[in-house]
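Quick setup: the structure tokens below cover two forms of a single protein chain, split into structure 1 and structure 2.
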Structure 1
């Protein structure tokens, strides 16, 4: 059950990032605070998406807390590195974000993932 909550947390945090990205793309730029405020007060789709994204982020922290009550941190931690790969793949694949694929980015994300696994996987006692 602990792994279920950890996995839920990873999925939620990944969704939160994608939703927040879409929201910030849709909302007016931050250097136009007046327009940004107006969009917020009018509850434009971008503003609603931002709130949904932030809510998903808070939920993911809740799931992580539930996971840690059941599984040791060292066992749940490696799952977190999945979210980096998930967000990368989804941002390229989802049509409403359509971020470009490049070999260099793939290698970069792959190397980061390997590094995270080395850092996070529990150490075997000899």
Structure 2
């Protein structure tokens, strides 16, 4: 059950990152505080998305707390790197994020994923 909560935490934090990225692309810049405040008061789609992203982040932390009660930290913490892989892939796949693909980034993400497998796969007993 601990891995379930850890994976839920990873999924929620990945969704939160993507939602908050979209929100920040939609909301006015911080150096225009009047426009930013107006967007929040009017509950613009960007403001709502930012709040949803923050809520997903909080829910992710709740799942993470449950995971830490059941999974060793040496196994649970590397699982967070799965979020890097998911966010990278989703950022390329989702057209509204305008993220570009490169072989160098693919290799980097592949190394992260390979390291995650090495840490989390069960070891054979001798």
Partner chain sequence: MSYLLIMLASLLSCGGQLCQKQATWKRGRRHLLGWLAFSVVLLGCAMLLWLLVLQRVPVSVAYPMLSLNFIFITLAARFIWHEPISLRHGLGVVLIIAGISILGGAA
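Between two forms, the rigid core is the largest collection of C-alphas that superpose within 1.5 Å. Positions refer to the first chain, counted from 1. Keep in mind it's a predicted model, so treat the numbers as computed, not measured.
- Task: Determine, for this pair of isolated chain forms, which one is the form predicted together with its partner chain.
- Result: Between the two, the form predicted together with its partner chain is shown as structure 1, not structure 2.
- Task: Establish whether a shift of 2 Å or more occurs at the C-alpha of residue 116 between structure 1 and structure 2, with the two forms superposed on the rigid core.
- Result: Passes the 2 Å threshold, so yes.
- Does the distance between the two CA positions of residue 107 reach 2 Å or more between structure 1 and structure 2, the core being superposed? The answer is yes; the displacement is at least 2 Å.
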